[in-house]
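Presented below, as structure tokens, is a lone chain in the form predicted on its own.
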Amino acid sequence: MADHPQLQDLVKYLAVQLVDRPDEVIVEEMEEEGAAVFELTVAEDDLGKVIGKQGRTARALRTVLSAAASKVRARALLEILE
């Protein structure tokens, strides 16, 4: 299983900055098809803040994660769980 704690910490840090209930932010790492998949769970009322208008915030989170992953020669995906 891939282990990328620095990428997991990055996702958590960014999500905590966006939400009203930071204590409910959970980031879990999985491995799928050679890529690290980070599953982000937030409080139900914070879901809109993490996704953003027309998914812009979610897209930006994925872009930052992808850029950081390329620095450590890894593939990373972000899934936002409802």
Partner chain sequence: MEEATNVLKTILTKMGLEADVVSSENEERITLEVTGPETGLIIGKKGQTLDSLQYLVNKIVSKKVGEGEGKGVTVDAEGYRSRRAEALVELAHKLAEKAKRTGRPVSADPMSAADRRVIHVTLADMAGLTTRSEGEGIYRHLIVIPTGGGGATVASPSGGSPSGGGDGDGGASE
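Residue numbers count along the first chain shown, from 1. These numbers were taken from a predicted model, which means no experiment stands behind them.
The same protein also has a form predicted together with its partner chain, omitted here; what follows describes it.
Visitor: Since only the chain is shown here, I'm wondering whether Ala74 would be in contact with its partner chain in the predicted complex (any heavy atom pair within 4.5 Å).
Guide: Flag for Ala74 set to no.
Visitor: Heavy atoms within 4.5 Å of its partner chain in the predicted complex: does Val25 have any?
Guide: No.
Visitor: Can you tell me if Thr57 lies within 4.5 angstroms of its partner chain in the predicted complex, counting non-hydrogen atoms only?
Guide: Output for Thr57 is yes: heavy atoms within 4.5 Å of its partner chain.
Visitor: In sequence order, which positions of 4-41 have a non-hydrogen atom within 4.5 Å of its partner chain in the predicted complex?
Guide: Residues within 4.5 Å: Gln6, Asp9, Leu10, Tyr13, Leu14, Gln17, Leu18, Val19, Asp20.
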